[in-house]
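In the form predicted alone, a lone chain appears below as structure tokens.
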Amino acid sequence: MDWQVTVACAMIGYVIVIILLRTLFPEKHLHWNDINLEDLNFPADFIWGVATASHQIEGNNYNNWTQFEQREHKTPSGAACDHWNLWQEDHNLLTELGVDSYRFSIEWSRIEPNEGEWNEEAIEVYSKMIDSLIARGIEPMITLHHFSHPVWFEEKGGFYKTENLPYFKAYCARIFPYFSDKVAKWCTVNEPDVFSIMGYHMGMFPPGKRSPIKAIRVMKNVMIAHGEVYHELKRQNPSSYIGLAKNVTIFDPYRRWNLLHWLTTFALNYIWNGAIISALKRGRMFGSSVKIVKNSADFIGLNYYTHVLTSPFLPQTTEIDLPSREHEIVTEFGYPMYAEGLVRATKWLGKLNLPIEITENGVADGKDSLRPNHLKRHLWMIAELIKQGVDIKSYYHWSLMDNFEWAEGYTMRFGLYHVDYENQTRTLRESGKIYQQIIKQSKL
């Protein structure tokens, strides 16, 4: 009988633990059909924007990504949106939308194609872009590293080698003075989590490695690089507004009664989200000191897309549909639409006591059938959070136009503008018109 009592006690204990976990960590879902998504109220000084990245739109780059495309026989980025030649026309799209700000990245490989070789012509093009935005009353937000960098830096080992970090710092310190008198808002790096895990664990980004140990090392090094760059740029211009863009993906247990799923969830939430928050708040990351990172941000950028239902058998690729709840709408990327997750995402980032800039949010939707609803749900959620006192300053929709979507090539279309890659024409989608109208009404 003793073993039966032991088993019974263990089962009761298991049930109690699961009940506690479900109570302490609820997975919120709203009845969206009962919500008026037209009721959107934002502060008068709320900033409306869109975002892009250099390698995804400029075209004809030569960097670690083009090298990876060739080596692994991936879809070539090629001319992309030919933005390098068509940027003036694309700035007209920004004016047409009525945005207040535009987040874009500077391509390090254009500026320093070879080690120590400084391309003044490329810098002049970026300078003209910035002047064009300012003349239109659109505030630039520059990202210094958005997944791509020079081949020479990659061949030295990139961010995997700690001794390479001074190269990135030197590039940032040198390019910053060209624009810092005209540009106040800067992101040092985009998504250290995605960059390191996709490139060094899942093998879908360059350099295509599959090692969780290497991924953690790279994430830590990218955060150290961010900290060093932040302090250097603040030394040069203390009035600059500098942060980084952090992807917050929420991991929830696939089966909320399964303790293994809960344990996997806690581990992934720490690796993906908690470690970077800890580095910025405490100067600690993965159990070691990263003091240079502590308090190294004036704002935190939030890139938010979804939550992932997690088990020990989570797929190691994005090429298959991820699990979803029965009532959830699944996007073309294979993950569910989950605007409710913004509550937890902003709560986590709220630990930093920093202003939050929504630096990315959007959906792959070639037919534009989901994007209108996706846009309204997320904006409604943001408006509610602001009412509750969450310090959200801006919203940058991803993306201005369809572009090269990294590992997915040209199969995923995130744009408010449809791009015909054959003739490089841009056409405003219905969702773009909705965003345009929301911006216009908010300014009234």
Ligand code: GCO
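We number the residues from 1 along the sequence you see. Not measured: the values here are computed from a predicted model.
Below, we refer to the form predicted together with the ligand, which is not included among the displayed structures.
Note on the interface: of 185-193, 104-112, 74-82, 290-298, the segment with non-hydrogen atoms within 4.5 angstroms of the ligand in the predicted complex is 185-193. Heavy atoms of every residue among Asn247, Asn303 and Phe414 are located within 4.5 Å of the ligand in the predicted complex. Using a 4.5 Å cutoff between non-hydrogen atoms, Asn64 does not count as a contact of the ligand in the predicted complex. Within 4.5 Å of any heavy atom of the ligand in the predicted complex lies no heavy atom of Arg371. Taking non-hydrogen atoms only, Glu27 never approaches the ligand to within 4.5 angstroms in the predicted complex. The ligand in the predicted complex comes within 4.5 Å of a heavy atom belonging to Gln56. Contact with the ligand in the predicted complex, judged by any heavy atom within 4.5 Å, is made by just one of His201, His261, Lys220, His146: His146. A single residue from the set Glu384, Asp391, Glu405, Glu69 has any heavy atom within 4.5 angstroms of the ligand in the predicted complex; that residue is Glu405. Taking a 4.5 Å heavy atom cutoff to the ligand in the predicted complex, the contacting residues in 328-363 are Phe333, Glu360.
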